[in-house]
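Quick heads-up: it's one chain on its own, the form predicted on its own, in structure tokens.
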């Protein structure tokens, strides 16, 4: 399975692997989260974060603080870490790091197109975009009326261009079409990233195929649950599933015909890694499913650090940092809205 990574990896990747493992040691621990959950105000949260790697980013923020400010500054830390690594990276690591941002690009495109459809101000939408998914012509997305125009006017010059071949239609953009576009793009992106990792071979291929397969399977489950009761046909649903993962191909056949959450559960319980996720949920319940999936993902991401000489650690670090920011956003919102009883509902402990 493994080649001679240990002999040659450190020539180009050693410095950055050391950097990313250093960043990983700066992630918040269970003790940090327990302290944060005791906070009474957002200023208390800022005080607790001042002793972490987020301290320098929040120190000059005046009171009263807002949740959006905390999330923005924490995201800035992630972006700066990423840009530093990208500047230092040589091929093929530079391409691998760029692949990590394509998911954010897709989300930004969908956010702006949906916002424009609902007549929101473009400047306001741009502020909500994730900084890792920005590209030069993003503001001009607002002029497109259908998928064909969206591709021809804007996206043809971006890294997302190859993924658009499956969803270029002349249909006008509406909420349903935009959601189908998001999932079609994501499917093409995940398949492309998976092929790229397989081409790299060695430990990177093994670890990333596990992480990307989990992502593909989670999306398949979410697409199924979200499309129950909509006009999306079984064939359309099946077209949105990625062509790899533990559920491919037989699980996809079964998911495509599911009519309710309990049928989805029946399909997933046939696969041992997902049995434990659904065992945490009571029948007919899907609210806690996201948290159960996040917890499983965090476990897998942490395992990526147990091995050396591979690129999976960069993907794992970015995802863990994003999860940490989601945790901080939830805790901040609960504190700001005086809902401290719910503070543990959505926090996923990382270490």
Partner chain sequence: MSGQSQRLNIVPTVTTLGVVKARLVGATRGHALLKKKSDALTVQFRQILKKIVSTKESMGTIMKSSSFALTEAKYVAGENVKHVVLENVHSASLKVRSRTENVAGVKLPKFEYFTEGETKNDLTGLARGGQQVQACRGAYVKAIEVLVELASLQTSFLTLDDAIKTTNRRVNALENVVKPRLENTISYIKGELDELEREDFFRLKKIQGFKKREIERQLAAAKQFAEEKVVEKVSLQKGISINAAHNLLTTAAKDEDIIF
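Numbering follows the first chain given and starts at 1. Since the structure is predicted, the reported quantities are computational estimates derived from the model, not experimental observations.
Keep in mind that the form predicted in complex with its partner chain is not shown, yet the notes after this line are about it.
> In the predicted bound form, does residue 294 have a heavy atom within 4.5 Å of its partner chain?
Although its partner chain is absent here, residue 294 would touch it in the predicted bound form, with heavy atoms inside 4.5 Å.
> State yes or no: in the predicted bound form, is some non-hydrogen atom of residue 205 no more than 4.5 angstroms from a non-hydrogen atom of its partner chain?
It does not: once its partner chain is placed as it appears in the predicted bound form, residue 205 has no heavy atom within 4.5 Å of it.
> Taking heavy atoms and a 4.5 Å cut-off, does residue 133 contact its partner chain in the predicted bound form?
No, residue 133 is distant from the partner.
> Is residue 230 a contact residue for its partner chain in the predicted bound form, using a 4.5 Å heavy atom cut-off?
Because a heavy atom of residue 230 falls inside 4.5 Å of its partner chain in the predicted bound form, the answer is yes.
> Would you kindly say which of 84, 239, 128, 280 lies with a heavy atom within 4.5 Å of its partner chain in the predicted bound form?
It is 128 that has a heavy atom within 4.5 Å of the partner.
> Taking its partner chain in the predicted bound form as the reference, which of 79, 246, 139, 225 has a non-hydrogen atom within 4.5 Å?
So the residue touching its partner chain in the predicted bound form, by this definition, is 225.
> When its partner chain is placed as it is in the predicted bound form, are 177, 183 and 346 each within 4.5 Å of it, taking any non-hydrogen atom of the residue?
Yes, all three are in contact.
> Would you mind picking out the stretch of 248-256, 264-272, 107-115, 152-160 that comes within 4.5 angstroms of its partner chain in the predicted bound form, counting non-hydrogen atoms?
Contact-bearing stretch, as computed: 107-115.
> For 319-346: residues with a non-hydrogen atom within 4.5 angstroms of its partner chain in the predicted bound form?
The stretch 319-346, when checked against its partner chain in the predicted bound form, contributes 323, 326, 327, 329, 330, 333, 334, 337, 338, 339, 342, 346 at the 4.5 Å heavy-atom cut-off.
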